[in-house]
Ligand code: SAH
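Only one chain is given next, in structure tokens, and it is the form predicted alone.
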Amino acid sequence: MTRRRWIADTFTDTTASLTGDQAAHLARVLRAEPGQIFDVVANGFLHRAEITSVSDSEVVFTLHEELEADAALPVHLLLAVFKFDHMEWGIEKATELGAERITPVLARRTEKHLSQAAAKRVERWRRIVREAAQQSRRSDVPTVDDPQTLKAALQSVSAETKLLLAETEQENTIAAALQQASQQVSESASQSVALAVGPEGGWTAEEMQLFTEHGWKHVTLGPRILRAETAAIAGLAICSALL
């Protein structure tokens, strides 16, 4: 039987603790008891862990042997801010698919009230990725950056392969671009990818030019016009299959 996995709120070299809502859920709902064994992620490492004490405010584990864990998908997702309910769903699914980093971008066509409110939503987005990482049995939690302008976001990208999902591109598919890029990477090196998804209404011509100036390749997911969250999921699924 697969053990349930938790991501520690605090930890030392030999112990880890869950606090707040996580502790309350484990204590009250799951009725955890000392001696029970779970998988616990602490400081980015996955351990077999044994509960040593339980209260509604804190559950303490003793960390035992380190377990093998899958690495995150080496994809940095630049996601233009759009309607928050749709965006939160997209962020959750991007986490489940393995995205390593998510940068919310304040695009020209992001609605003004969303741009103004985005900074107040960041902590909620970080809670969502933490819960989604735990649910999907990841051994890490993706980074969620503070919302930033496109110019600032582009300067933060270090991936070797940079792909812009563009409605104006009809021929160069994301799969073909990834395969071409993989041929240029040595067998001993890992291929990192940045993937940009625009807002409702798409990127402006000026933004598209800015991407080009920073070395981004324009790619397509096919002939259909997809919602932003659907495009992000489709792009990440292709990356997951090919990387």
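Everything numeric here is computed off the predicted structure, so don't read it as measured data. Don't overthink the numbering: it's just position in the shown sequence, from 1.
Here the subject shifts to the form predicted in complex with S-adenosyl-L-homocysteine, a form of this protein not shown in this document.
Participant: Looking in the predicted complex, is S-adenosyl-L-homocysteine within 4.5 angstroms of a heavy atom from every one of E167, A196 and G222?
Facilitator: Answer is yes for this spot.
Participant: Answer with yes or no whether P34 is in contact with S-adenosyl-L-homocysteine in the predicted complex, where contact means some heavy atom within 4.5 Å.
Facilitator: Contact with S-adenosyl-L-homocysteine, no.
Participant: Is A24 close to S-adenosyl-L-homocysteine in the predicted complex, meaning a heavy atom pair under 4.5 Å apart or at it?
Facilitator: A24: no contact with S-adenosyl-L-homocysteine in the predicted complex.
Participant: Just to confirm, I233 within 4.5 Å of S-adenosyl-L-homocysteine in the predicted complex by heavy atoms?
Facilitator: The answer is no: I233 has no heavy atom within 4.5 Å of S-adenosyl-L-homocysteine.
Participant: D56: heavy atom within 4.5 Å of S-adenosyl-L-homocysteine in the predicted complex?
Facilitator: No, D56 is distant from the partner.
Participant: Can you check 65 to 73, 197 to 205, 42 to 50, 25 to 33 and let me know which stretch has heavy atoms within 4.5 Å of S-adenosyl-L-homocysteine in the predicted complex?
Facilitator: Checking each option against the 4.5 Å cut-off leaves 197 to 205.
Participant: What residues in 114 to 132 sit within 4.5 Å of S-adenosyl-L-homocysteine in the predicted complex, counting heavy atoms only?
Facilitator: Sequence-ordered list is empty.
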